[in-house]
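Quick setup: one chain, the form predicted alone, written in structure tokens, and binding and motion questions come after.
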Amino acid sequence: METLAAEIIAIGNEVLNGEIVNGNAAYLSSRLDDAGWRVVRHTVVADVEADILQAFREAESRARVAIVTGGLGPTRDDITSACAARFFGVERRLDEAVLAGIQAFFERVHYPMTENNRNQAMFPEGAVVLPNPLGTAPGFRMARADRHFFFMPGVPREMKRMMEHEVLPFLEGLLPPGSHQSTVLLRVFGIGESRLDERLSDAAAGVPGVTLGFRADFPENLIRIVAEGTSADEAQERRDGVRAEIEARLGDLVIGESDRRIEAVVGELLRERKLRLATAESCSGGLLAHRLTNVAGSSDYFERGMVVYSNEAKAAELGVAEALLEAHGAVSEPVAIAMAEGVRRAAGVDLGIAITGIAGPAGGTEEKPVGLVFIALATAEGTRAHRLQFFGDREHIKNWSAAIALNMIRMHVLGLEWAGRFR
């Protein structure tokens, strides 16, 4: 067994039969890896006692740490706690303090508590309770010799909070001297993965214990910096040094860290500068507005979004001249400019951005093929438009269109000029 081996076990028929995608495992693997633990196996088992106990036995034989999710609810098929008690050879006991917390939770949400919720306050003897302020299913941890088991709810937001606040701090204390690790993911936009690798091939040269990795998160790319050190401070110092070198090389291509997608970065920039924005979309069908408003607090800077799919809508809602539509067609630079200026004027905002194009699979011509998109940004200083040619299916083209539009906003607010192409 490796000293820092970890295993992830998901319990639940709904996960095993595909009703629920096991996204928890991806998150847990990433966070464990960031913390210096190597995940050696993912296991998914049904709500069957024999299968659960076998999964526990196998995990104990392979890994020092086992992360178990699911089966902590109040219903009769939630048997994880009972299985844990049997595995560790102990009885379960009611935790009165936890029960009081569950009762208080139901009182706060004005919902009657059923008797079976008491099951969530039953824990194996010797278990350390892991609080769950977001729901009614506390987690718990148990140990035998140097093997540590963590039991958490399967609800993603509850599990993630528990992992961050309860499990990871505990795991930090299990790391042996000299095995500390610090990781960061940088998100970049406007450069291809192969070109990115080429430009950063020697970015970590001369810094011991640092490795770089790359992966796509369409339409953006991620750079993973992993630094090892004899202490947490040394690992972080090495990581930050390489990060500074990467940011110096890539400049405005770096959006931020991995959990902040470009729409969140754009929103923060608009809020800081007290700018308001409106969108006019044709081929993207409101996807740009959706991404902008998917960020909490977007009402601070987003005024309105218009989906103007037909020529009649473009003319009626945005004031695009019918003569302009007839002369150039809806998919053209002049019409994109007129749409951006029209929505800026109609909404009375600082910035108006427009997207018009051919998402396919039909509708293209030799002169205007599928994937041709025009994006225009209207500001107080004037309007700038870009002609872009995307490839792929309808969804791919729509996603590219929204992403490029967001980057145009970002670059403008930062006082930079986007050349209309990837580097």
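One rule holds for the numbers: they count along the sequence shown, beginning at 1. Each form is matched to the other, and the largest set of C-alpha atoms that superpose within 1.5 Å is called the rigid core. Please read these numbers as outputs of a predicted model, since none were measured by experiment.
We do not show the form predicted in complex with another copy of the chain, though everything after this point is about it.
In summary, among the residues Ala316, Ala100, Ala248, Ala323, the only one with a non-hydrogen atom within 4.5 Å of another copy of the chain in the predicted bound form is Ala316.
Out of the listed residues Pro169, Gly89, Pro208, Gly297, Gly297 is the one that sits within 4.5 Å of another copy of the chain in the predicted bound form by at least one heavy atom. Of the stretches 141-149, 333-341, 306-314, 231-239, only 306-314 has residues with a heavy atom within 4.5 Å of another copy of the chain in the predicted bound form.
Taking the partner from elsewhere, Ser30 is found to have a heavy atom lying within 4.5 Å of another copy of the chain in the predicted bound form. At a distance threshold of 4.5 angstroms between non-hydrogen atoms, Met411 is out of contact with another copy of the chain in the predicted bound form. Another copy of the chain is not drawn, but in the predicted bound form it has a heavy atom within 4.5 Å of His42.
Among residues of the shown chain, Arg76 is one whose heavy atoms approach another copy of the chain to within 4.5 Å in the predicted bound form. Along 9-29, a non-hydrogen atom within 4.5 Å of another copy of the chain in the predicted bound form is carried by Glu14, Val15, Leu16, Asn17, Gly18, Glu19, Ile20, Val21, Asn22, Gly23, Ala26, Ser29, in order along the sequence. After superposition on the rigid core, displacement of the C-alpha of Ser332 between this form and the one not shown stays below 2 Å. Put the two forms on the same core and the Cα of Glu367 is off by less than 2 Å between this form and the one not shown. For Asn13, the Cα coordinates differ by 2 angstroms or more between this form and the one not shown after the core has been superposed.
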